[in-house]
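Next up: a single chain in structure tokens, the form predicted on its own.
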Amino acid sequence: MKKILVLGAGLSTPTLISYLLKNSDVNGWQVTVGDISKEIAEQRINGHTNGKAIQFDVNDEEQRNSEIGHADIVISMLPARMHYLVAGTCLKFKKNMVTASYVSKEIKKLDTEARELGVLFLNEVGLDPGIDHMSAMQIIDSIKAEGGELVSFKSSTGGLVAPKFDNNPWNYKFTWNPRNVVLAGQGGAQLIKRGMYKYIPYHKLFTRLLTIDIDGYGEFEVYPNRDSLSYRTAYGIDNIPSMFRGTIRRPGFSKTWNTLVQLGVTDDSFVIENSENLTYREFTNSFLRYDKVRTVEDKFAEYVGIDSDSFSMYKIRWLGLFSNEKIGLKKATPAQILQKKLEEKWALEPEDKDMIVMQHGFEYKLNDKYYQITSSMVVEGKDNTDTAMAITVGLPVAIGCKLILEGKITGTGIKIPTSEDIYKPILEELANYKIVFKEEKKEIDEPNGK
């Protein structure tokens, strides 16, 4: 019986673990789920005869050695910073590992050793990164096979609330780690446009927007996301003139979020004095000029450059940042204080469903003509457990694990799913779960690269 060890039982794992258990009888799998909370691990196993729940502490070297040493393959769904500990133990016992996370510098350094030991670490095989790589590479490879020359590539993803449950003025609810949302973009963004490198600092990030349309779901806005340049080599498009990666939100989100950036309340680098006794109104006012006559609202609107009667101002008031409610967090950073309020206002209700939207845009030259392909995917969650996020992150990880155990994905070292032998079978199986892309192709006069 093959033993699969899943480390981490957080919000992204229900569909992953369910897939492994549902397929465990026919494939002869024993699935052990380890989490710092054994109770959560037990919830994921849900009494399945081929499942086992354990309390797992990744910092316990003896336990790491024992559990990983007895496994046939390891799936790490722990926070990204913990993968290195798991990976080191996997190398020690020559065990393959699958993760949904970006390849860190620490993991990348293990490539040579992993190759020498015949170990495969398959990373970035969740949603974004993951499905974005696979679906993009499928089209990029088809363009190349046809003899085309890619001149522009755009890729954007967003985790949102499904339209039926979109009932707040921000058109947004937390479907992923709230802290990551609050701190998003603080490293700025890099991209290339018509052969020119562009660098967007954090304080301007949410003003540099694109607009996209997805059939049946309407218009969305996209703000630049991280480093758009790093995947040129991985995608085999080193010389592409235009490349952009972005994050999708509903129109108007970025304009209002930018007011919070400009105010300074997304800063996580210092602690607010006496934060537990401040009200949100006092907290907001602490970033503004002293004025014994003007209201906090008027000072805020002037400081961030919006009209006091604007819809953006309404959204800030709706959040409660001008309220007299006490914060109640000790030694908190501005970002932590903001996150606390957002978690109250942007929470998914028990009956809510989330939604993942992804869109790629390709422009290429073939036989002296230019063509454009737009490829879009929308996945709505089933419920508050099998969310769209859990489905799209967990399923490709589970399928990748299965294919490695079956010997259908081979190779050694540090891999991401950009080669056909990896992306093709995973995408084919994802289609069985209605995770598919709708493609539109048309001839264009010239590439715009935007």
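Under this definition, the rigid core comprises the largest set of C-alpha atoms superposing within 1.5 Å between the forms. So that there is no doubt, residue numbering starts at 1 and follows the sequence shown. This one's a predicted model, so the numbers in the text were calculated from it and none came from an experiment.
The form predicted in complex with another copy of the chain is left out here; the points below concern that form.
When you look in the predicted complex, the only residue of Thr256, Gln262, Ser376, Gln336 with a non-hydrogen atom within 4.5 Å of another copy of the chain is Gln262.
The contact with another copy of the chain in the predicted complex, taken as any heavy atom within 4.5 Å, belongs to Lys204 out of Arg294, Lys326, Lys204, Lys92.
Under a 4.5 angstroms non-hydrogen atom cutoff, another copy of the chain in the predicted complex lacks Leu110 among its neighbouring residues.
By the criterion of a heavy atom within 4.5 Å, Phe287 is counted among the residues contacting another copy of the chain in the predicted complex. Met196 belongs to the set of residues with a heavy atom inside 4.5 Å of another copy of the chain in the predicted complex. When contacts are judged by a 4.5 Å heavy atom cut-off, Asp445 does not count as touching another copy of the chain in the predicted complex. Partner contact region in the predicted complex: 207 to 215, out of 144 to 152, 207 to 215, 98 to 106, 159 to 167, criterion any non-hydrogen atom within 4.5 Å of another copy of the chain. Residues of 221 to 236 that come within 4.5 Å of another copy of the chain in the predicted complex, judged by any heavy atom, do not exist; none qualify. Relative to the superposed rigid core, the position of the CA of Arg281 differs between the shown form and the other one by 2 Å or more. Once both forms are fitted on their rigid core, the CA atom of Lys95 lies less than 2 Å apart between the shown form and the other one. After superposition on the rigid core, the Cα atom of Met196 is displaced by less than 2 Å between the shown form and the other one.
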